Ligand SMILES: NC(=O)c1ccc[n+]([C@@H]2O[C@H](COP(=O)([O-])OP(=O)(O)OC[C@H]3O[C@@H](n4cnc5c(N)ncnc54)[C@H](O)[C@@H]3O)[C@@H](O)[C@H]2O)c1
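Next up: a single chain in structure tokens, the form predicted alone.
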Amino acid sequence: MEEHIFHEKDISNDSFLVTGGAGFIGSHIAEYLLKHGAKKVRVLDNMVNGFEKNLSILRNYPAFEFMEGDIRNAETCLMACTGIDYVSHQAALGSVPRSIKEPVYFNDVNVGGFVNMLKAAVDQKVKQFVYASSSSVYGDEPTLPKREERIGNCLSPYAATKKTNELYAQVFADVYGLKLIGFRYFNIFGPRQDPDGPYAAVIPLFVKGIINKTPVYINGDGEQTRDFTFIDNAVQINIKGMLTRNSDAFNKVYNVAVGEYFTVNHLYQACAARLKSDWKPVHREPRAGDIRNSLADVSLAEKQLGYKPVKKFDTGLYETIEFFSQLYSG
């Protein structure tokens, strides 16, 4: 697998905090920083969506620090930001259907926890702060491709929490001078995504079902489209956002995607073909709160942060299938 370098700055004197760093996206960001010689990489995670197996990868590096704690606790956030130069805030609850069932919980973590982290970053004089927003903030805005300045009405409590994050980020930038950058992720996928539980990600679910010949469900007709974005692209934007010296880049949100879209049916067929299987999926009712079509314009991130998608759908999918097929076949 090709190794990409996403930074030019020497980071050997810099300390980083990755919240949610035991999870899927966070662990990849933390691993990149550790691999490239950061002075310190602290992970804050309450292990609700985090995994010990992800931490065990990070524990191989002497610069790694783990802090078990919850972003809903303001004191914990303050401690986590102590002595930190750059923050990548990934800690959040992430499922649209689950947010419809548990809106108060989602608000407590995704909004309350986010404000705690912003305040802690201000108090501890963090240099730059990047955070995960979501393509769900586009809601019912029908125009494709999605451009940052055009958003519609939220279709779920999850989307509302992420839209609120963006509002708070704007306020903290304006009122407290915090250097902030937000990322609207579009269907990030790759190794280490959670394959289990009722809200598991679609690609590991497909691979697991095809290999084990257990039912694989596709919501609705499967013709809904997504801008599937490999994990390396999310790592890239976080690194570039934390380290950018472009003053015009701050206090904005950016699409993080490839700028190509595929149907869920195509995704399933690609998985089955790669696994040399003729196992058929089962179609069921469409899911509440889901956006029908999703495709991003990534030109703003390219212009302000030098973002360039490094892995397209096919390459990323093959790496992901390889990872999960070893997991389920082994």
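This one's a predicted model, so the numbers in the text were calculated from it and none came from an experiment. So that there is no doubt, residue numbering starts at 1 and follows the sequence shown.
We do not show the form predicted together with the ligand, though everything after this point is about it.
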### Message
the ligand is absent from this chain, but in the predicted complex, do Arg72, Ser133 and Ile188 each have a non-hydrogen atom within 4.5 Å of it?
### Response
yes
Only one of 139-147, 119-127, 173-181, 157-165 sits within 4.5 Å of the ligand in the predicted complex by heavy atom distance, namely 157-165
The one residue among Asn107, Gln193, Thr244, Thr225 placing a heavy atom within 4.5 Å of the ligand in the predicted complex is Gln193
Given that the partner is absent here, does Phe24 sit within 4.5 Å of the ligand in the predicted complex, heavy atoms only? yes
Open item on the list: Even though the partner isn't displayed, in the predicted complex is Ile237 close enough to the ligand, meaning a heavy atom within 4.5 Å?
Closed with: no
Any of the heavy atoms of Leu93 lying within 4.5 Å of the ligand in the predicted complex? yes
task = May I ask you to state whether Gly316 is within 4.5 Å of the ligand in the predicted complex, using heavy atom distances?
result = no
Of the residues spanning 45-82, the ones with some heavy atom within 4.5 Å of the ligand in the predicted complex are Asp45, Asn46, Met47, Val48, Asn49, Gly50, Gly69, Asp70, Ile71, Arg72
